[in-house]
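Form predicted on its own, single chain, as C-alpha cells, below.
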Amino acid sequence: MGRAERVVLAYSGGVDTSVCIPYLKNEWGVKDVITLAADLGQGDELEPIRQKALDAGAKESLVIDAIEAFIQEYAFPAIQANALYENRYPLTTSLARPLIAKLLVAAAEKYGADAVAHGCTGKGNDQVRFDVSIAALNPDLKVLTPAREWGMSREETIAYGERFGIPSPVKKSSPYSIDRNLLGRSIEAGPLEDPWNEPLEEVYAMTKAIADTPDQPEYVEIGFTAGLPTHLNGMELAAVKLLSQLNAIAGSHGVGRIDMIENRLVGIKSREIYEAPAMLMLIQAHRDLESFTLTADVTHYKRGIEETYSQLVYNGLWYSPLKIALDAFIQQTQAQVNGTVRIKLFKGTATIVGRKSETSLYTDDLATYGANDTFDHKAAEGFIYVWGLPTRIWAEKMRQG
C-alpha cells in the first residue's frame, strides 16, 4: 500500500513511533523513513533515541535542538495571552505540537519528502494539532497516521516491533502516559482514569509533596519587560534559564500541580494531572502586572480574548487566521506591561504580595484615603446621576406599568 516514497516521522523513541518505522516500510511501501526528534527540554538523552530510530530501520535520524524557539516563539506569547485552557491548564503540551509540526514540514522540504507522519492515536488531541498545523503550513503535504489506522493493541504493537528487531520494554511499563518538556509534565491513564482516585506521589517529578516542602516561605521577584519575563530576583536571565530556575524554585515549594477533568476536542472528558510550576507562576504574575499597567477597558476586554486564544491553541489552531489576529491584538497591549511582581511561596501556594512598575496607572494621590487625597468627591454625585439615569428611567416606567 504505497502512499509515499519518503516520509519524515515525528519520533519520540517510544513503542508506537518506533513501530511506525517498519510498519510504514513493510505495510505501506514507504521506501525511506526519516525520523525527527525535537529537544524541547524534556530531559531525555537524545543520542540513544537517535540510534534507536536507526536500529529500527530509519534511513536518517534527526535530532533538533528547539528549546530556545519553543520558549521564545510559543511559551512567551502564551504567557502574554495569560493562556489557561478552561482557566486552569497552561497548555504546556499543546504549545509543543505546532512547533514540532513546523519542524516536520521544514524537514520534509529539506529532504524532499512527499509526506510526514506521526504516531498519534485516534482518541487524543495531538492528532488534531499535528494534522491541522501541517495543513496550515503546507496543505499539499500528505500526513500519514499509522497508529490511528493499524488497529493493533499495545501487546500486538510490541509483538510487531519485535519481529523487526525493536526490543520490547525490559521492565513492566508504568501504567501512566506521560508527556514532558521544559514547560511541564502531563500525566494520564492507569489509576488516574478513575476520577475518585487521588494521584499517588509517584506521578509527580517536578513538584515536592507538601510534607516535604520548606517550613519557611520564600519570596520570588519576577521582572517583566513589554509583557515578557526577563528578570528573576533582580537578575536578568536568558529565557530558558529563567524558566528552568523558576521551575526548580516553585517546585521545591510544591507549587504547580493541577488535577482536572478536561474537555478534549474529540468530545470526551479525561482526567489529567499536570505539573507546570514556572508557567503557572508567570501567567499569574503577568496577569497581575497587566491589571496594574493597562486601562480597565483593555484589561476587561482582553480576558475574553484570552479564553478564545486558549481554546484555539488547545484545539490545534495555532496557525489559524483568528489566532494570528488575536496575536496582533495581544502584542499591541504589551508595551506598557513593565515592572516587577513579588510572590510568596509556601506549602503549595504562590501568593502575589507586591508589585511595582514605572508604567503603572496606579496613582497614590487618587487611591489614598489619607490627607493627600486629590479625588474630587463632589463630582461623584453628578457622575452617579448620569450613570444611573437609564436604570432610573426603566424603574419609573416599570412602576407606571
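Bear in mind that the values here come from a model prediction, so they are computed numbers and not experimental data. One-based numbering along the sequence shown.
The form predicted together with a small molecule exists for this protein as well; it is not shown, and the discussion that follows is about that form.
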For the small molecule in the predicted bound form, the stretch among 268 to 276, 141 to 149, 211 to 219, 284 to 292 with residues bearing a heavy atom within 4.5 Å is 268 to 276
Q. With a 4.5 Å heavy atom cut-off, would you call residue 178 a contact of the small molecule in the predicted bound form?
A. yes
Review point. Quick one: does residue 93 come within 4.5 Å of the small molecule in the predicted bound form, counting heavy atoms only?
Key: yes
- Query: Can any non-hydrogen atom of residue 314 be found within 4.5 angstroms of the small molecule in the predicted bound form?
  - Reply: yes
Taking the small molecule as it sits in the predicted bound form, is residue 118 near enough to touch it, meaning that at least one heavy atom pair lies within 4.5 angstroms?
no
The listed residue (99, 250, 330, 187) that reaches within 4.5 Å of the small molecule in the predicted bound form by any heavy atom is 187
Assert contact residue (the small molecule, in the predicted bound form, non-hydrogen atom within 4.5 Å, options 130, 89, 224, 74) equals 89
